[in-house]
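Heads up, what comes next is one protein chain in two forms, each shown on its own as C-alpha cells, labelled structure 1 and structure 2.
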Structure 1
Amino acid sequence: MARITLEHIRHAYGPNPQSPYDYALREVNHEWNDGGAYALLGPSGCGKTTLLNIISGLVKPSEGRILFNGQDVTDFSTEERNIAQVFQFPVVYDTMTVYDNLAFPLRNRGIAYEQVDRRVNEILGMLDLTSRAQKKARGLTADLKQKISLGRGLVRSDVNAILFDEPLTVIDPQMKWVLRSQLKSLHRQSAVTMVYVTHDQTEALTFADKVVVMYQGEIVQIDSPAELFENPKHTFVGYFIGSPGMNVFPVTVDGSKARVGGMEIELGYAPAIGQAKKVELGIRPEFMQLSRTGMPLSIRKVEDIGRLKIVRADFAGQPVSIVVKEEAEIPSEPYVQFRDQGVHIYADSWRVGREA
C-alpha cells in the first residue's frame, strides 16, 4: 500500500506548451493517504485518465514529481511502482481458463500453489465466477471478461495501489451495483490504496471515501460525498454532483444581501467578493422550498420521477429546479423560500463566505 504524493504535476501532450490551455493537466498538488479509496470524477477530457496514467507510470508528467511513501517514483516503470491497473475494456488471455487468468499474476511471482489456489477461489467467489472457473475466456461475453480483468487487478494483495480506469463501462447496470459494493467491501478488508476513474457520479459517490472532482485539467475539490453535495467549492461541482444539479444564477451582493431581479436574499454574512468579475448564487434544488409565502416564482412544468417531483420554474427571470416529495401539494400561486444552509455565493466560480 502507498501514500501517493503529487507535487506540481503538469502535463501537456504537445511540444512547447505556452498557456494553461496547452496542458491536459494544469497543476496538481495533493497527497492521497495510504489505504484510501479515491474516485477521480469529471467529464470526458478533464484529465482524469491522464492523471491515472501518470500515477501508474504509463505517462511521465511534463513537470513535477510523484512519490510513493515519500520515494520519488517519477522515473520508475509501472512494474517498479508495483501497482495493478484495470482498464476500461477487458484485458484477458483468451486461451486460458478463467481460473488461470486470475492465477497468472500470482504464479508469475512464484507464490506457492496453496496460496494461489486460496486467493483465486476468493476472487472467483466475490465476482460470481466460480461456476465458470474452468471455462476458456475466449467464449465469454464482454461483461464476464471485464469481471476477469477486475479479478486480475484484485487478486494480488502486495500492490502499492490498484488503479481502475472506468472499469464498469461494459457491465450491465445491476451488476455494476453489485461490483461497486464488492469493491468497497474488499477495500475495507484489504486497506489497499484504490483510485477509481469515472464520469458517473453514482459510481464515484458509492465507491469512494474521498471524491476528486476534476474540471478542465484541474482538481477543483477533494471531499466526502456529503461535503460535495452540501458545500460545493466550485460552481462546476454544484452542477456536476446531484440530479438535477445546483441552481446557479448571477446576483449582486451588498453587504449581507444578495439581489437578483427585484428579489433580495438575506445571506446572514457578508461574502468577500473582492474584484470578482462574476458573482453568482448557488442553491441546490433540495434546499428550495415551495410555499404560500416568500418570494414569488412562475412554474413552467412539473416532472414526476416516482418518489419525488422536479419543479421547473422561473425565479426573478432565472430558470431554477426545485425538488419536492411526490405527495407535496403544488400551490396555485407559488412562492419559494431558501434554506439558509443551502445558499452559497461564488466569486469567479469559487465559493466565498464563512466556510470558504
Structure 2
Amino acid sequence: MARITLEHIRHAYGPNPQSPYDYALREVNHEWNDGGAYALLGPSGCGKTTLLNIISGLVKPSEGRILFNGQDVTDFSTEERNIAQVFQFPVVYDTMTVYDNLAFPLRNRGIAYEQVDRRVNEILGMLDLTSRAQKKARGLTADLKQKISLGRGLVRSDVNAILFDEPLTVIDPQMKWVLRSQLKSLHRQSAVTMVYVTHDQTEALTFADKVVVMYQGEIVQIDSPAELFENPKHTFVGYFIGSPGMNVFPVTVDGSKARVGGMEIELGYAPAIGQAKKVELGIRPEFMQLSRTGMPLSIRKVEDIGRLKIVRADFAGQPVSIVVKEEAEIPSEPYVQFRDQGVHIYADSWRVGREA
C-alpha cells in the first residue's frame, strides 16, 4: 500500500523529442493518496496506458521521478515495485489450470502452501470460478479468461497498488456491473490503492472516489465526480463528462460582463482572462432553464430520452443543448435563463476565476 507521487513525469516513445507533440505524456506532476480508488479517464490515445505502465514500471519515463511512500522507485523493476496490473485483453497461462494461474504470482514469490491455497480459494469464490478451478485455462471463453487475469491481479494482498487497464472491455455488460461492484467492495475491504483506466465515463464515475481526466498527454483535472460535473477546469472535461456535454461558445469579456452575438450575460465577477487568444463561456445543459423571460432563443428540435428531454436550440447564433424534465412545457416563445453557479469562463480552454 502506497502513496504514489509522480514528479514532473514526461514520456516520449521516440528518441529526441522536440515539440510538446512528440510526447505521449506531457508533464504529469501529482500525488495520489494511499488507499484511494482512482479512475484514469480520457479518449483513446491520450496517454492513459502510458501513465499506467510508468507507474507499474513496464515503461521507464523519459523525464521525471516516481515515488512510492517518498521512496524513489524510478529505476525499480516491476517486481521490486510490488505492483499488480490487469491488462485490457486476457492474458492466461494456457497450459496451467485456473487454480494454478491464480497461484502463479504467489508461488513465484515463495509464499507458503497454506497461504497460497487460502488466498486462491478466496479469489476463486469471489470471481465465481470455484467450479472450474481444476480446468485447464486454454479452452475457456474470453470473459472467463479475463476473470482469471483479473484474479491474478487481485490475488496478492500485500501489493503497493493494483492497476487496471480497461479490464472489462471483453466482458459482457451484465457481468461488468457485477465485477465492478466486486472490485469496489474489495477496495473498501483491503484499502489498496487502485488505479483504473477507462474511456467510459459511467465506469469511471461509478468506480472511483477521484477521477483523473486526461487529454492529449496531460492530466486536466483530478476531482470527485461531482466536482467534474459542476466545475470543469478545462473545456475538454465539460465535453467529455456528462451527456450531452457542456455548451461552450466564444464570448468577449468586458469587465464582469460576457457578450455573445448581441446578448449580454452578467457574471458577477471579472474573470482573469489575461492575454488569452480564445475566450469561451461554458454552461452545462442542466444549468440552462427555458422560461418566458430572459434571453431569447430559437428551438430547432426536441429529443425525448425517457425521463428527460433534450432541447437543441440556437442561442445568439450558437448551437446549444438544454436538458428539461419530461413533463416540462416548452414555451412557444422561448427564452432562456442561465443559473449563476453553472456559468464558467474559459481562457484558452482553461477555467479562470475572479481577477485577483
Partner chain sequence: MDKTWNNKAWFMVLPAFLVVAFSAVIPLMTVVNYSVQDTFGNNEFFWAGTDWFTEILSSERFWGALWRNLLFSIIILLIEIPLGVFIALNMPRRGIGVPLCLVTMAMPLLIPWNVVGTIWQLITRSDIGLFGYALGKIGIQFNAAGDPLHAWITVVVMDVWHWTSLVVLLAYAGLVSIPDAYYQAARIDGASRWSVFRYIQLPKMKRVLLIAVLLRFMDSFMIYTEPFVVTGGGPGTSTTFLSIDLVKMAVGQFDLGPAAAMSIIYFLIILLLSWVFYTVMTSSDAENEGSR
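Under this definition, the rigid core comprises the largest set of C-alpha atoms superposing within 1.5 Å between the forms. Here the structure is a predicted model, which means the values were calculated and not measured. Residue 1 is the first residue of structure 1, and the numbers go on in sequence order from there.
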Which number, 1 or 2, marks the form predicted on its own? 1
For Thr97, does the CA position differ by 2 Å or more between the two structures when the superposition is done on the rigid core? yes
Please say whether, between the two structures, the C-alpha of Leu106 moves by 2 Å or more once the core is aligned. yes
For Gln275, state whether the C-alpha moves by 2 Å or more between the two structures after rigid core superposition. no
Please state the CA displacement of Arg138 between the two structures in angstrom, with both forms fitted on the core. 2.9
